[in-house]
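One chain comes next, on its own, written as structure tokens: the form predicted alone.
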């Protein structure tokens, strides 16, 4: 292997990126968003427990950035006055977003009236969490979780006649494709995501059309981030004149140099003017979306 595009989620990518770092294989992950993936980030006590993996970069937002951006967006758009949070305390992705959201909400003066958690994405009963949110008077429920438990939460909230606003992050992208989920329950659900299949630019529409033709489905942000990974690698390899007979070590050094070069700007379908920091974090802007009539619409 000379270059690695992957892996998809945080836990396996933490393990895989440690190995690719040891072997000097350049790694670009589409959707593993924890700071543990790239390393070098201080924890809440200011300690760096995982050294920076200089070969590892992300196409997705880091978890802390999503938590901060979500709190900022809710405040700026005045979306809720009493906020409840339901998160997965067994998942690094969900926990990381929640922690930064909570901190930023406090700074902004947002009132979090209840915080509930669940242990894994296999959880099927969210009655207690929803009752706690309702009893606390929450008019907005923040869900920094993946789309499978989010679909169950929406269905169970509907059966309870509990109708707050729901706000999610990029892990919720894909909820409209959950099997046996009544997509009408996602009406007016809001989320921050880097991609909308309904965007009108030519590059996005070409991607969506070809994806539907090949797979018979509409791509979500996970597919879009992976697509952008391949083309970012392609452009970086062209810029550095990388060839297949080069060693993975030489390729890795060249790509690190290219991705950390401030003049390397990538225009993809998950953002324009995309750049990368020396930390491996991506710099691009999330988009506020709301689900209307079964499609994402910009807020």
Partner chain sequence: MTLVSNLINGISLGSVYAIIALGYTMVYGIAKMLNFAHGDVIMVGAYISYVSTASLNVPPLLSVVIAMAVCTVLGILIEGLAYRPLRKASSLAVLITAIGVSYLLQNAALLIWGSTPISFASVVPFDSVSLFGGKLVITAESIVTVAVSIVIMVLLNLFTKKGKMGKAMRAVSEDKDAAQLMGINTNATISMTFAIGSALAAVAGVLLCSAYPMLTPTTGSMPGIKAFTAAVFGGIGSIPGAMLGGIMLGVIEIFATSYISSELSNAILFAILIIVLLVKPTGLLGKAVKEKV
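Residue numbers count along the first chain shown, from 1. In this text the structure is predicted, and so the values were computed from the model without any measurement.
The discussion below concerns the form predicted together with its partner chain, not included here.
A heavy atom within 4.5 Å of its partner chain in the model of the complex is found for one listed residue only; from 226, 152, 112, 92, this is 152. Interface residue among 148, 204, 218, 102, judged by heavy atoms within 4.5 Å of its partner chain in the model of the complex: 148.
Although the partner is absent here, residue 108 is not a contact residue: none of its heavy atoms lies within 4.5 angstroms of its partner chain in the model of the complex. Although the partner is absent from this view, residue 79 stays clear of its partner chain in the model of the complex, with no non-hydrogen atom inside 4.5 angstroms. The closest heavy atom approach of residue 193 to its partner chain in the model of the complex falls outside 4.5 Å. When contacts are judged by a 4.5 Å heavy atom cut-off, residue 187 does not count as touching its partner chain in the model of the complex. The stretch in contact with its partner chain in the model of the complex, judged by heavy atoms within 4.5 Å, is 171-179, chosen from 137-145, 194-202, 171-179, 70-78. Judged against its partner chain in the model of the complex with a 4.5 angstroms heavy atom cut-off, the residues 117, 125 and 156 are in contact without exception.
Along 239-268, not one residue places a heavy atom within 4.5 Å of its partner chain in the model of the complex.
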